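Read the single chain below, which is given as structure tokens and is the form predicted alone.
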């Protein structure tokens, strides 16, 4: 405002004292009027853009995608991206996909999905894994390839199928079966079989738990909420907000990244099926899901197991313009962080946000749109409290002062993982493309994407709207 007043004063003085023609004065005034925020382009560094991003509908596990395999979902996302952009398959230099729960038959799911989607067998593809920020890692891997001049066009994405996760035999049974496979005589085989005991048949079930601490993420979220004094009421209120905003965005046609998917042998899926605004009364009836009987994390204020896939088309700005595309956004500075996987497991956004802002030369006030991954309502609220705490900044992060909490009126305004769903490796792409769409819709310039991940890791990235 002070700068604007100064400009007005200068222009008034110029108008009254100058004998220049009116047209000349107007031209001079145009150079001193307030401009939009600075761009984050850096000298000597390629501008990398998101041309388009899509995702198939995110569905609760055990529903319409239950009979498919992960590469089927990833293939559908890739085909949706191809259909929307009409990008020639042979123009794509590289494909990177993220996944968390790997299907052993398609361990490099990026390659299998690419071949299934009709990409050339000459197009390399590899798969990355970094828990809930796997597609973030896929995107930044693509950014690095383009920035290094190795590629001009990269497709990045993520996929998760929680409807069919690998369930293993016990270690004892696996060892016996492998030894049995090497047995040469009937006697050797019968001897091995005779040693099998009933407990050998107990399966090893997968769990969303930390290997280093053996603690489930939900249990950790409950402890985190308690440590920051987040009440059950606050968590339920935030979860209701997420579902309400998601429903409004869905009904308003704002979820432009969703592409329909014709499920083989079933109907075409056109929208996310986990958006279910409830009431505080109904949510209050649910029992704690992890810390019983006094915990505050429930099924209603947690993200649900989800099937889904996403994909984004990344290019150098020069390449995108040469091909006639109008990019949606620039991908700017990003950071990855790691901290204590026991007591700070879900605080990645708190640690990553100030780092990425400093790297970009921005402040919280410069950010127009925030898109944070919602693992649990308690996790989000704990991060907001931590970010707004000088004590936490000084004693836990070694910083002089807090970075500040994002204002809720800018925060996850079209819902989040609590309501839209959270296919572990696919969420990162959703966050980025949602930030780009919101920036355009809301007239902003900078978006900040952030997420926590298993292992006590986290990520943040600045997204800048492409000039309209």
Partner chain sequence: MLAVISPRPLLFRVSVKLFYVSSFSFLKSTEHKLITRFCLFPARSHVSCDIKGDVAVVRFNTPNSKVNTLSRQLSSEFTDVMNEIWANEAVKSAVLISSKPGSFIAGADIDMIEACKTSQEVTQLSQEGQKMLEKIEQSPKPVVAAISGSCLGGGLEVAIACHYRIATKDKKTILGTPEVLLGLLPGAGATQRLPKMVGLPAAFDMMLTGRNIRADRAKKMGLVDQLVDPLGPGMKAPEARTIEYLEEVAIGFARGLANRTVSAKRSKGLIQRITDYAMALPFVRRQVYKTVENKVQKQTKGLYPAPLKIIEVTRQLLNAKLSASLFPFFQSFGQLAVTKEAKALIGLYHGQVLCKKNKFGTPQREVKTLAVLGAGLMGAGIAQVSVDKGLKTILKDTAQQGLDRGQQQVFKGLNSKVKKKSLTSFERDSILSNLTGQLDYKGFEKADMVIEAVFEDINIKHKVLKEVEAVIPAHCIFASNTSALPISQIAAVSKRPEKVIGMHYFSPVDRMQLLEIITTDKTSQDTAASAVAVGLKQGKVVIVVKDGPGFYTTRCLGPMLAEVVRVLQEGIDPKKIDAISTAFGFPVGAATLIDEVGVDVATHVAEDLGKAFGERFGGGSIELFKLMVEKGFLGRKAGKGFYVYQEGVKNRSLNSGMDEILARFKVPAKPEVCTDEDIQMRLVTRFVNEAAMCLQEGILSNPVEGDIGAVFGLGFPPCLGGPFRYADSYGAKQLVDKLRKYEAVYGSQFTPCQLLLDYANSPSKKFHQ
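Positions refer to the first chain, counted from 1. Computed from a predicted structure; not experimentally measured.
The form predicted together with its partner chain exists for this protein as well; it is not shown, and the discussion that follows is about that form.
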Heavy atom within 4.5 Å of its partner chain in the predicted complex: which of 250, 344, 316, 163?
344
Using a 4.5 Å cut on heavy atoms, which of 208, 180, 233, 226 is close to its partner chain in the predicted complex?
226
In the predicted complex, which of the stretches 238-246, 383-391, 305-313, 194-202 has residues with heavy atoms within 4.5 Å of its partner chain?
383-391
Verify the contact flag for residue 212: yes if a non-hydrogen atom of it lies within 4.5 Å of a non-hydrogen atom of its partner chain in the predicted complex, no if not.
yes
Can you tell me if residue 323 lies within 4.5 angstroms of its partner chain in the predicted complex, counting non-hydrogen atoms only?
no
Its partner chain contact at residue 219 in the predicted complex, heavy atom, 4.5 Å
yes
Are any of the heavy atoms in residue 292 no more than 4.5 Å from a heavy atom of its partner chain in the predicted complex?
yes
